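Starting off, we have a lone chain in the form predicted on its own, written out as structure tokens.
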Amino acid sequence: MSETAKHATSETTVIDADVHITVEEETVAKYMDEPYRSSITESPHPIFPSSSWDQRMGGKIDDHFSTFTSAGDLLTFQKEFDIEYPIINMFEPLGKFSQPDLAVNLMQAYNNLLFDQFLDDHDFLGLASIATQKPDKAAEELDRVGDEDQIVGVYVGTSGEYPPLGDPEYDIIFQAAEDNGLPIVYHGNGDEFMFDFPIHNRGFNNYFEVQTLGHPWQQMATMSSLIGEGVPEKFPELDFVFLESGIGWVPYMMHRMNKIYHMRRSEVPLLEKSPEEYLRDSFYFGSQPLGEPNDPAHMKQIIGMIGADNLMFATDYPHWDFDHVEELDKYLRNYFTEEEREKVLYETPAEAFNLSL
């Protein structure tokens, strides 16, 4: 770690589980094969699907188009926010692309760009992107990049993915991730609400409604599919991380799945334990966006229900709705022990991502 990026003031090492780098279409095109390269650089019609929602109003910072496009941007972020270890991802969810071969080519291009421009000359940590449209190709990609020390997880956007992400069709991906010691990292994407819930997306009148529901609905659907299809039982050494959906939905899902499990156990014959036990054993949750209860004691209760062993800090920087480290740390310092605080900020993400730091 360079001297400019060392933690200057805080006494606690901080791992940020969700930091985004932005890749312009023209930049990633340089890493793509033909005819996909030309389809980006020469076609008058954009190949990257968009939500069509105007997101310019509101937000915690004036410029919600802030981006990280270089390693230098990340070094500046580390110094300003006292983040020793940012775990970076490429953000563009590949599941929304209707052309499977294009998605696969983008997958390979994203990962090559990640190494070339961010990992090879720095000690950053990153997530390997995969395109689930062709599970065999995704598994091959994990075998290609999975043994690289700086690749610490598998990035999957939970928007546009079909069939649902626990389907046995993806077992070859789960097996490859387990073989390479990489957790699957599911990332909510509110902007892509239209790909999962097109009728609601068309019916809502403002982005407030979409942004409120998009991320957690996608994550709840993914979690239900994973547990219902018995994925953590089939792959007991595999861990699962959920990012950018907050944490308020987690106790609800934990307890609701327990209820349904006890009523309909015959439908989930692979499960040997209650859903809550699987979640506590192998599921982890990024804090951002934390949520803002009128009574802070309610957030204390939510954090307590999830527990320090399953919760990790995340900023989602540099997006307009990012969380500063103090968003979570104010609760950790006021309501929890220093041991629990250090778990959330460092030890739990280190365990989830199999880090030896």
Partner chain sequence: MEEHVVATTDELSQGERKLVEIEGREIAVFYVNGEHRAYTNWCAHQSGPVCEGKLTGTSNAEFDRDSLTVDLDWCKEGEVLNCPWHGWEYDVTDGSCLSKDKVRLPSHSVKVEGDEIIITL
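Residue numbers count along the first chain shown, from 1. Predicted model, so just to flag it, every value in this text is computed and none were measured.
Here the subject shifts to the form predicted together with its partner chain, a form of this protein not shown in this document.
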TODO: Indicate whether Lys234 is a 4.5 Å heavy atom neighbour of its partner chain in the predicted complex.
DONE: yes
Open item on the list: in the predicted complex, is there a heavy atom of its partner chain that lies within 4.5 Å of any heavy atom of Gly203, even though the partner is absent here?
Closed with: no
Open item on the list: Against its partner chain in the predicted complex, would Asp179 count as a contact residue? Criterion: heavy atoms within 4.5 Å.
Closed with: yes
Task: Contact label in the predicted complex: Pro269 to its partner chain, heavy atom within 4.5 Å - done: yes
Task: Listed residue (Leu213, Ala71, Ala221, Ile172) with a non-hydrogen atom within 4.5 angstroms of its partner chain in the predicted complex - done: Ile172
- [ ] Just give me the single entry in Phe77, Phe91, Tyr261, Tyr284 that has a non-hydrogen atom within 4.5 angstroms of its partner chain in the predicted complex.
- [x] Tyr261
Open item on the list: Quick check for you: of 240 to 248, 93 to 101, 253 to 261, 142 to 150, which stretch puts a non-hydrogen atom within 4.5 Å of its partner chain in the predicted complex?
Closed with: 253 to 261
